[in-house]
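Each of the two blocks below gives one form of the same protein chain as structure tokens; they are labelled structure 1 and structure 2.
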Structure 1
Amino acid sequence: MGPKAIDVGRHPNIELLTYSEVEAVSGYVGNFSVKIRKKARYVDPEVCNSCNECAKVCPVVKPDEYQMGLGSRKAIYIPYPQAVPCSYILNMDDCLGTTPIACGKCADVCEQECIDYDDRDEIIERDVGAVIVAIGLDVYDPTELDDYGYTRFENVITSMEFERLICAGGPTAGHFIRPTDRERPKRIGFVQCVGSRNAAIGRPYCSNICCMNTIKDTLLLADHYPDLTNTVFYQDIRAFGKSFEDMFQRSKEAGTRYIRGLPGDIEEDPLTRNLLVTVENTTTGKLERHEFDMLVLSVGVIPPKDLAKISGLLTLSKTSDGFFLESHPKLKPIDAPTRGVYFAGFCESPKDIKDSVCQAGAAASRSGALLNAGQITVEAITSYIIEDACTKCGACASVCPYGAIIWEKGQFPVVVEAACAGCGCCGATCKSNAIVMRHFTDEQLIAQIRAILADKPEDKVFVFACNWCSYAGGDMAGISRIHYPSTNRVVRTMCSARVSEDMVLEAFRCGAPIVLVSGCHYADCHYINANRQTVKRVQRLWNKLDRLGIRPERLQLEWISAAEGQKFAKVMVQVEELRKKVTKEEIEQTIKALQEKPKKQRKAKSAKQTEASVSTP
């Protein structure tokens, strides 16, 4: 990666800000404003010639993070050999002190006079049109899985530590030794899936890279040390990429033994410090015991620790495994749900270098296309504010998953239409009907409800279905010819969050025996996390119905994905069973309980809205 980083650093159209952190992002597609903290380096990178004289005299010795703690560094150091810019950094947390100067030796020996103890963090701002999120990954820390003895036995190391030990630029200059006696080990064991595919520790996903990394390591060892024996303990070897199977076969031909089964117990011989591994070989069904000089834990990858912060800055959401959620898993795997934001690499999902490079290229291409177009097309389903009806409460801004509504206390909110995706959550939240979602207005939806329930409402199950998942789930049930009761009547909204309390109550007022609100599963929400507002709303409605003496069971909530035709049909059967239990008297009582106040209120509000919308686009 070194030469690539140098190319980036020298490119006339790329400004490389290293040792910097994004503090805030505001704006929207094409008009982002990014606030960046340039951390104090205390060394001028323009002047420093990396002569290393400062590090030679520095008295502070600390574990080197880049060498996984297997080597040491000084308080003034180059983070890693190919760092760009190739300049020293003074870590103030490690330095003996500069106010007053406790040591000052580095500055004394620096002929370039590039060390400045008064250097301070700097906040800079940049205007950008698109953002590519490429924040990488963290590696699983196996200390919590003490079954493998990582915290107890020195000769149990992780795959990352192995990389440093075998690397020519590592702490042992590439001479592979084991930590306890600094002798070259003869028998190495590799344990796969440490921190991956393990639901018990909350990491059920496959880390994607560990199998091939271990296969590569076994080939490397076989090449460097032909007398060494390698054994790999695995659940499944996932060698699915181009030439991967070939590598796997070469590893086996080179003498690596692959045993299907993960170790159950690991002990250390107190004399030799060798490791005794007990494992059930699931291929033979026998319990085996193996002795190794060293054991390498093939650790999985985890979402980077900064993911939550970036998620907040760019209004992104996460999948259940903690990585960023893409706009669409198949059709828009590069795009974030927030327009103008793209993903590259691990932060979206575990992937190898090749896939990361592909995704990075695609992200660059997508953002290039966006910026070169100079203009964007917005769907005609965005929202707008009716100022005459607005009470300036700001509720709309607080629920917008895209941050597309700008509001300050005492001011009218403003919808940034370029950022609005059209979920309609704001419109359903607004108590004063001051937000209109184009083509999915309250009036239009209420009119649909009334029309559907105008005739024999007691025979119908009223369904609100979101455009992307549950409506498509209904389609799937249809095209799959799955039978389900024909009593349901569906009103489509873009998101389940568009369904307001008033719409549900209007359906009951019109005589609906059962109302079903359905949307995407949590992980599939097409509007980041708008359907969480649906849950809150339905929860409030259940409580309200209870208070009004209406059975809350008559309001149902279901998450149905586009592929779940079977589930759609099953839910329709279930709600039909519920419908049969609702009597005419119960419906009449419900209508009576809901009749008075809300209707008057809505009439007044809609009159206000109609009046205001005459003068609004």
Structure 2
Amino acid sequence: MGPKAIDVGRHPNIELLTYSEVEAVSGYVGNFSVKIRKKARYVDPEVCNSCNECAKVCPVVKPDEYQMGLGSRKAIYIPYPQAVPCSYILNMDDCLGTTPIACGKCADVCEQECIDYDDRDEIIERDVGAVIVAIGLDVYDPTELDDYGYTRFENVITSMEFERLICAGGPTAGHFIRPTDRERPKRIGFVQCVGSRNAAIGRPYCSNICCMNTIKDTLLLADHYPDLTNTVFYQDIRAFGKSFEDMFQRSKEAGTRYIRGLPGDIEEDPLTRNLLVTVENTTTGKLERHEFDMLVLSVGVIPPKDLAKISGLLTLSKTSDGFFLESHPKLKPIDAPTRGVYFAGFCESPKDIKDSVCQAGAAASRSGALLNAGQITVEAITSYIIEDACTKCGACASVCPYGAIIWEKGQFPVVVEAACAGCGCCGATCKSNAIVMRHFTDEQLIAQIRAILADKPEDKVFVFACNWCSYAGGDMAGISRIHYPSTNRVVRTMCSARVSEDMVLEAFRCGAPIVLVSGCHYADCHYINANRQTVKRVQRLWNKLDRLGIRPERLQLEWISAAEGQKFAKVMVQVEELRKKVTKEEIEQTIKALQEKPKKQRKAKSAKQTEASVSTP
């Protein structure tokens, strides 16, 4: 928020709701309903003129969160400079209140009479066509990793605290001092990758911005304090952006010393409060000891704390790093798996300001194109329900990752086609065969299984591959000219969750020695979390095969991404080795065991699917 926010607030087509949070989101693309809690400010922003008289008389003093606790604020305060609106907020958790002991000093001195102790939160609702998620980031707290003495030594600070100390709007008005003696430091050390690229604490990723932030800080110090000495301890400097390498070279030319290696031991001189740092310089292979007045920890960034809440509100999925998962990393880097939802900024992945601005512009363009279209085009792979076959059990609604099936007890479920992405999870779950997936009907997939295994099935490995990852992984293997056995026969489905138990059993019934079900990585499903149903289904199949006397290992489950052509080839080699160990006698026994299933059920299913294919809307 800042000068740009003022322009946004003045735009006639933009409603700016500050000090508010989204509580619930329902609906689907083009028809979202958003419930917003507008928090009580206890100060009327339209009347308040920011005279500061209320803050002068407020007796409460609290650490200022914006100043990273290095400064203080009152119970009634402006959250930060250039806040929009530029008016005071009364924090009731800090305020002494009016009962049991009346304070009321701020209201007594307010000439505008804009303070209302009886103000309450307000719930408002808005209907929107698209949602842009731009919830920002959080900063890693180094108290978890206290190897560098952040909790033990006062002169060890984070890069965020450094920014506040050197900023003109900071607690020291831009006069750079160290916390212990309030004197200007002469020697400063910077430690990179604190909380980043460290699998031990669950943050194996690079935070993207830390290297260049430190380089910027060293240039800033060299410009304002030429007599100051800077030393940077790093693993490697990642300066890949436009003109970033030039900044790195200017920093070195300004006198900053860069040492490849992270400190192993930090001590404090009890008299001078200086910091003694021991580090192995991996370039020279020597153990070095340095003394600094202040040590700055370049902390990484982490997914925002509200990410889990927003994920639940909008049915979004996360990557293994904890950030939001986009619909496709190359073809749809802005889109969420939920249609009509777009990402902007750090919530999707670590990125700098330039990339965040680019993504924000792209998200605005995508949402604008959606809203201006007037009508939504849906790919013809959605599901529909045959009411005559439906038992109204609601199982389909419970597994839909998009909430695209509306169901009430005793009623027929209704598919909202605008929200349906065509994963097929509902079709594979339905026990009464009442759900038909357009272009991926049970009848079509069963026909493919029978055709593939009609001739010499014992020589083939049958593979179900999801469209977005595993099938694309096979393409990558072919494009990369990676050799693997030619015995596999692949049937494409939109998602691994589309593969029902009957399809797998039909493949075994037709003589398949090995069946492989393959999909997106468990935490990176293209359809949010549909492949979790795949896992449950395969586990049930393993138990069923075991009860029938069929080796469960003949059914394999693998996660292969679109970029893992090499892994696709490796898996094909492994399943081929398994195929060679399956004898004809074992295949015949499997067929016999599975043929004991009542023919009545198979005939009923075939009839329903035939009826569905004829009457497809």
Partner chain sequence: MTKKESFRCMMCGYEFEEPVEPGEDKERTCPMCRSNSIRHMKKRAVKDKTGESDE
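Please note that residue numbering is based on structure 1, beginning with 1 at the start of its sequence. Given the structure is predicted, the values throughout are model-derived calculations rather than measurements. In this text, rigid core is short for the largest set of C-alphas that superpose within 1.5 Å between two forms.
- Source of structure 2: the form predicted alone.
- The listed residues are 459, 204, 182, 375, and the one at the hinge between rigid parts moving between the two structures turns out to be 375.
- A rotation of 8° separates the smaller rigid part from the larger between the two structures once C-alpha atoms are superposed.
- Core-based alignment between the two structures gives a C-alpha movement of 4.2 Å at residue 479.
- The shift recorded for the CA atom of residue 507 between the two structures is 2.3 Å, with superposition on the rigid core.
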